[in-house]
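There is one chain below, alone, in structure tokens, taken in the form predicted on its own.
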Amino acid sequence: MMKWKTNNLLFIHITRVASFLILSFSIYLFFAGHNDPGGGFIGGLMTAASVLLLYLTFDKRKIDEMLPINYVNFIPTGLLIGFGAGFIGMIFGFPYLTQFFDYFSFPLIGEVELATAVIFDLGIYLGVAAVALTIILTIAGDEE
């Protein structure tokens, strides 16, 4: 078993900035996904990549202290949100997974489109990020 400690100050600071930028772009892709390329799947993968970059730079123990999250719990949560989003249309007598949208005006933001597809994408986003992080961290934690 190899002990590796990061002493490179430049590497640590670049990772912090890069991880923030990747996470910000993943959130942008998540919200842009129902009209443009992107969505919950690629947003979830990029979120996992941003967290994994932190795991690669810092010690697993340190990241687990900073982010005390059990990623496995987000898998069924994402599935339930995605599955439940399909029933929104059925409540109003439409087929399963029917998308609704409308434009709303908010102070300081202006006119914004809100769609039920975002709820479905949220379930995909959570599920994909959790599955990717769980698989990679499980493989990385295997020390045999």
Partner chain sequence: MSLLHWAILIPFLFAIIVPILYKYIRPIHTGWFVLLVPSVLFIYFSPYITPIANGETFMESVPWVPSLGIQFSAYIDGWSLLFALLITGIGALVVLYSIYYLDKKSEALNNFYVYLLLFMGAMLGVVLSDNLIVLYVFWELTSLSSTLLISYWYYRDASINGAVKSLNITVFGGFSMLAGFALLYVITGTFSIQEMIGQAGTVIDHPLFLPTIILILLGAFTKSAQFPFHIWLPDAMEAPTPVSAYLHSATMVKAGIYLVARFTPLFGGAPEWFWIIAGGGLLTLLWGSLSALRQKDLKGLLAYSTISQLGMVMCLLGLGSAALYFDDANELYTLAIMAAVFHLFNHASFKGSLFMTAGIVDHETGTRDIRSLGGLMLVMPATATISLIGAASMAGLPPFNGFLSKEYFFDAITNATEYGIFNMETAGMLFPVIGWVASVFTFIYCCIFFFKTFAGRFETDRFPKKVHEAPVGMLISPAILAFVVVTVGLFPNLLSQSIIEPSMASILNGLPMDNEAFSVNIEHWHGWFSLELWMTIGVVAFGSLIYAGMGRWSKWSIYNKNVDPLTPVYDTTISGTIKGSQMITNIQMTGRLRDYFAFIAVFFLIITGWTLFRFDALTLDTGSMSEVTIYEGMLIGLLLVSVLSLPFIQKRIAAVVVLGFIGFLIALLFVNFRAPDLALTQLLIETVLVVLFMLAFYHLPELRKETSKLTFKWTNAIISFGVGLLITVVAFSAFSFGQGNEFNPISDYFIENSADLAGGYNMVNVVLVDFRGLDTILELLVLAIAGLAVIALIKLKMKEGDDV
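Treat the numbers as computed from the prediction; the structure is a model and nothing was measured. Numbering follows the first chain given and starts at 1.
One more form of this protein, predicted together with its partner chain, exists but is not displayed; see below.
Among heavy atoms of residue 51, none comes within 4.5 Å of its partner chain in the predicted complex.
In the predicted complex, its partner chain sits within 4.5 Å of a heavy atom belonging to residue 90. Interface residue remark: residue 135 is counted as part of the site for its partner chain in the predicted complex, having a heavy atom within 4.5 Å. In the predicted complex, at least one heavy atom of residue 99 sits within 4.5 Å of a heavy atom of its partner chain. Contacts between stretch 113-134 and its partner chain, counted in the predicted complex as any heavy atom lying within 4.5 Å, involve 113, 117, 120, 121, 123, 124, 127, 128, 131, 134, listed in sequence order.
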